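Before any questions on how it binds or moves, here is one chain, the form predicted on its own, in structure tokens.
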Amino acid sequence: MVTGKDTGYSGTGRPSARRMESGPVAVIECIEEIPCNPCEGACPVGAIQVGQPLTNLPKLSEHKCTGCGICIAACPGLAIFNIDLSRGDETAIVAMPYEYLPLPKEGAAVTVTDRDGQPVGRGLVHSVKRMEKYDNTAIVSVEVKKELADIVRSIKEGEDGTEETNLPLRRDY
């Protein structure tokens, strides 16, 4: 039997805390054992393995992952995120797929939500990327308090869901 140690794949999609502290890395939260592997094919460095059968859950080789984010856009289940804990301060960057319009603006203060859509705090939109290599899926990166990095999985703009724009860059979220 081949183990994660032999292949470099963790056996899960979750990287170690040490890896997240060294720079952006994919966090795969797929729980669907269905025939699906776009993440495996999208990864340019082979850091994600589904293999056979196609219903296997994806495994991550945290040492191969460069944190490029292409797998985030490739996942039809919106189950892949990037977490970067390497900023050296009390903040982290969480990158997530975002399929709503209008797209948030960089620097906008937003409400960050957990996996159930419940507000858990405030964050700042760090970047909004929509590129051909992302299959035109927007990848929104949000700066949040480090302790929220493993909780935040989406955003809501404004307190009441309306867009907040032209806000000064705030660090008191």
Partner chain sequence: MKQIEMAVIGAGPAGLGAAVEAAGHGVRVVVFDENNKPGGQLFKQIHKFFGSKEHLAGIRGFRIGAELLAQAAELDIDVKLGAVVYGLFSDRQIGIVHQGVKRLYQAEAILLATGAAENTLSFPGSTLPGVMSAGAAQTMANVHRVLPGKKVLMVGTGNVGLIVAYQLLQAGARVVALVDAAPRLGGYAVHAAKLRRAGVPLRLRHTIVEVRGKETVERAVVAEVDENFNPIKGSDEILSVDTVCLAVGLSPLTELAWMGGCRFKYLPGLGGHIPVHNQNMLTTSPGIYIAGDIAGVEEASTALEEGRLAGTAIAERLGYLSFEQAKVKKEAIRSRLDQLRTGPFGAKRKSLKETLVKEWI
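Positions refer to the first chain, counted from 1. Computed from a prediction, not measured in an experiment: that's the story for all the values here.
Omitted from view is the form predicted in complex with the partner chain, to which the following refers.
Figure note: of the listed segments 120 to 128, 103 to 111, 133 to 141, 61 to 69, the one touching the partner chain in the predicted complex, with heavy atoms no more than 4.5 Å away, is 133 to 141. Residue contact with the partner chain in the predicted complex: Glu33 places a heavy atom within 4.5 Å of it. Using a 4.5 angstroms threshold between heavy atoms, Arg14 stays clear of the partner chain in the predicted complex. Contact check for Val94: every heavy atom lies farther than 4.5 Å from the partner chain in the predicted complex. Although the partner is absent here, Asp89 is not a contact residue: none of its heavy atoms lies within 4.5 angstroms of the partner chain in the predicted complex.
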